[in-house]
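Listed next as structure tokens is one chain, alone, in the form predicted alone.
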């Protein structure tokens, strides 16, 4: 069963097509990632899915329901945590969580709030007003708010922005545990490529309002067909190595002192065979670095395409 179904979703602001006929689905219990540069349409998509923005056209189904027709049912079973939607500054941490608990109709909300305050290391801040919190502390409050009603569908929009590495790591662990324990569908956006790859089974890339690719991290990285190799050659033979690589029809990126960098096809055993030839020619290396394609490489490639 799919927890989220989107078909031909579109939204414009004047002449700007923020979301352009986007279609995708998120399965029950799936951690789904959405990547894209600023202005790609990620947050606009989330805002339409969570009812903050009205769509221009297309179809949305959450937990098998049309949100326009069954909003109360959908609202009580989903939640959102975002770095871009501030919680009222005049309230204390506990007061803010009390308010949202009432909105979502959380039973035994005092116990639930206390549990979340402990989980996100906020207990000592519960009586402090939101305006006095650091950006990372506010982010933790926003994530706690997102889990108040044990949502079956959870939207996390840049939810680790401003967190120090230790708290960010604990937050990712909590999100994974929550997903497994509750079988929730989690829709996740982030500019941190490593955490998207760590958490998400499938990832979509969004550019200029369009969804270009949806696949696993491993399959997406295969779009980048080149592996970068950097070598430091002993005995001042960098120029000879460069000439040898050019004869082998290899793309040499640069040569500086004894350092040579080049690109070679990622598929097949091309790199293995080339390395054997290099050593057979008598070249000796004092350093070797092989950089295989990453999600960040793909992000940059797709963001720069016209």
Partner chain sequence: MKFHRIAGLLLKHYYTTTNKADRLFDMFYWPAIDLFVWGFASMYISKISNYNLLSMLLGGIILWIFVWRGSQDIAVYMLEDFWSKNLYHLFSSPVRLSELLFSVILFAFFRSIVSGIAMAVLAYLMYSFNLLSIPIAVAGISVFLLSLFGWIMGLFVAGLILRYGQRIQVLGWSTVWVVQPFSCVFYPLSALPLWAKSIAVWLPTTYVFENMRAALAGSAVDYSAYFLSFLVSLVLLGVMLLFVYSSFRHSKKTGLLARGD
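Numbering follows the first chain given and starts at 1. None of these values were measured; they are calculated from a predicted model.
Form predicted together with its partner chain: not shown, discussed below.
- Though the partner is left out of this view, residue 178 does not reach within 4.5 Å of its partner chain in the predicted bound form, counting heavy atoms only.
- Residue contact check for residue 75: one or more of its heavy atoms lie within 4.5 Å of its partner chain in the predicted bound form.
- Using a 4.5 angstroms threshold between heavy atoms, residue 52 counts as touching its partner chain in the predicted bound form.
- Proximity of residue 183 to its partner chain in the predicted bound form: non-hydrogen atoms within 4.5 Å are absent; the residue sits far from the partner.
- Contact here is defined as any heavy atom lying within 4.5 Å of its partner chain in the predicted bound form, and by that definition each of 82, 105 and 145 is a contact residue.
- Proximity to its partner chain in the predicted bound form, taken as a non-hydrogen atom within 4.5 angstroms, holds for one residue of 213, 173, 123, 88, which is 88.
- For the candidate set 219, 114, 134, 95, a heavy atom within 4.5 Å of its partner chain in the predicted bound form is found for exactly one residue, namely 95.
- The stretch that touches its partner chain in the predicted bound form, counting heavy atoms within 4.5 Å, is 6-14, out of 293-301, 6-14, 20-28, 278-286.
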